[in-house]
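Before any questions on binding or motion, here is one chain by itself as structure tokens, the form predicted alone.
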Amino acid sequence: MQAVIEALRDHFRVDHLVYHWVDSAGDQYGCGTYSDDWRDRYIEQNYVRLDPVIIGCYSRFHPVDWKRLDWSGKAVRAFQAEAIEYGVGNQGYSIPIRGPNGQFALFTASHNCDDQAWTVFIEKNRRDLLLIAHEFNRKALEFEPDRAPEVARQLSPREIDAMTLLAMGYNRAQVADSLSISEHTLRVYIESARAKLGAMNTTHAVARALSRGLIVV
């Protein structure tokens, strides 16, 4: 996986690609192209407790441009400046992934460039990055010890449509309008998808559909 992520970094011509995950037992794993010095510094200072990327992505299930996160605090600004000094880059795009039994992962691209160049890069590559992120996660799950395989249940075309639009940020009224159905009918599709995915709620269902590659945003 380390060799693959280095090759992908070169393919996309960005400074860094990183994959970091926490398994169901709370153990952390990762591969990526940040410097060893930054990795050690991050762990030594326990920066996970204030990193806006970790905090912001944990409450989301869709990709996040770092510019949209909260960097306003004094400690956070100092962390950001230090990360840039270590070569992380001033731009970033992170894809949160949720797997079975509480697994949480992030796939991140970061680079040093202006806002316009970064916007162009994301517009061009976000679909490929999303697909790659979920493939990395699928492979990583194979390494989790004693993991029972998940029973896959396919979603219907309408359930996929509904989950995809919800993942894109549409509200229920907008989804129903886009699919030319009533909100009552939409609720039936959502509840059916939720049951098939074994999800606790709609947000959990969307996250599971994304993590299993059943929908692509």
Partner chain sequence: MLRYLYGDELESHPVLSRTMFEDRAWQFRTRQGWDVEVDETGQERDQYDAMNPLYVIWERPDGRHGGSMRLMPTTGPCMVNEHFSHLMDGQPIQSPLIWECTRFCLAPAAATTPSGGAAQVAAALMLAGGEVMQGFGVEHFIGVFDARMTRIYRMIGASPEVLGASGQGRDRISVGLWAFSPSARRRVAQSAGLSPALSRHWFQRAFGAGHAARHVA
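Residue numbers count along the first chain shown, from 1. Bear in mind that the values here come from a model prediction, so they are computed numbers and not experimental data. In this text, the rigid core denotes the largest set of C-alpha atoms whose superposition between the two forms falls within 1.5 Å.
Below, we turn to the form predicted together with its partner chain, even though it does not appear here.
You can rule out all but one of 169-177, 31-39, 44-52, 153-161: in the predicted complex, only 153-161 has residues with a heavy atom within 4.5 Å of its partner chain. For the candidate spot formed by 70, 115 and 127, every residue has a non-hydrogen atom within 4.5 angstroms of its partner chain in the predicted complex.
Its partner chain is not drawn, but in the predicted complex it has a heavy atom within 4.5 Å of residue 80. Put simply, residue 131 is close to its partner chain in the predicted complex: some heavy atom of it is within 4.5 Å.
Taking the partner from the other structure, its partner chain in the predicted complex has no heavy atom within 4.5 Å of any heavy atom of residue 183. Residues of 34-68 that come within 4.5 Å of its partner chain in the predicted complex, judged by any heavy atom, are 59, 60, 61, 62, 63, 67, 68 in sequence order. For residue 197, the Cα coordinates differ by 2 angstroms or more between this form and the one not shown after the core has been superposed.
Superposition on the rigid core between this form and the one not shown places the CA atom of residue 160 2 Å or more away from its counterpart.
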